[in-house]
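Only one chain is included here, represented as structure tokens and corresponding to the form predicted alone.
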């Protein structure tokens, strides 16, 4: 996998079923803890830029706190087909208790579908 892994924080700093924002250069991401499985997406909702890190996690999706749009945390795709915009997802792993993200390997599902 291309890119380098960036150490973010200790896994225990991201509470269960919650997200935390992280700014890495020009990119702001939201890291979510789904029962010890960590998923990372871009933090701004494509609708009005709502901070997804503050959204409610339901299953493997997050609900935008501003307008209630749902996004799948695994794919970045909207849960409702009527919402065309999707989010970039970033590979995430935990090594020795540290959450690590590969920003350069981020991708959008729609980009993959178009290829």
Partner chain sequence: MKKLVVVGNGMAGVACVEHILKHKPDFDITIFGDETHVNYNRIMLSLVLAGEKSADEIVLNDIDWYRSHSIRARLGVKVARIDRAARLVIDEEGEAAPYDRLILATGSSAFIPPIPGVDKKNVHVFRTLDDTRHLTAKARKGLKVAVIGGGLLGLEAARGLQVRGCDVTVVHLGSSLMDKQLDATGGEYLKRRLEDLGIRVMLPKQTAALTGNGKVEGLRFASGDQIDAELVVIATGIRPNAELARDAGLHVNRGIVVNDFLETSDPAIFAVGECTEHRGQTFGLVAPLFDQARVLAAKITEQPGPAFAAPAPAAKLKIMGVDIYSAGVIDESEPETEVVRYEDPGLGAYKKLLLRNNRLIGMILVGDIEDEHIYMDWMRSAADLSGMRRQLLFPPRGVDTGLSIAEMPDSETICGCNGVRKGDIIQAIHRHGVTTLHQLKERTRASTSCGTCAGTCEKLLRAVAPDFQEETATTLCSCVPFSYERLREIVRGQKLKSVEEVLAVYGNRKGCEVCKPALSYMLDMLWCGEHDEDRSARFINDRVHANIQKDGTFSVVPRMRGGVTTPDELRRIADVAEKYNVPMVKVTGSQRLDLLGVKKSDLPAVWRDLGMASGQAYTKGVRMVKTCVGSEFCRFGTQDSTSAGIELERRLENLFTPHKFKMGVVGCPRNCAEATVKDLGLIGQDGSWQVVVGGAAGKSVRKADLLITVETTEQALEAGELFFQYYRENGNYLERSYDFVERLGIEKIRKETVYAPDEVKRGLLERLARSKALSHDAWLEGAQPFTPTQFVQIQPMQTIEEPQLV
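Residue numbers count along the first chain shown, from 1. Everything quoted here is computed from the prediction, not taken from an experiment.
One more form of this protein exists, namely the form predicted in complex with the partner chain; it is left out here, but the text below deals with it.
- Taking the partner from elsewhere, residue 14 is found to have a heavy atom lying within 4.5 Å of the partner chain in the model of the complex.
- At least one heavy atom of residue 23 is located within 4.5 Å of the partner chain in the model of the complex.
- When contacts are judged by a 4.5 Å heavy atom cut-off, residue 56 counts as touching the partner chain in the model of the complex.
- In the model of the complex, the partner chain lies within 4.5 Å of some heavy atom of residue 63.
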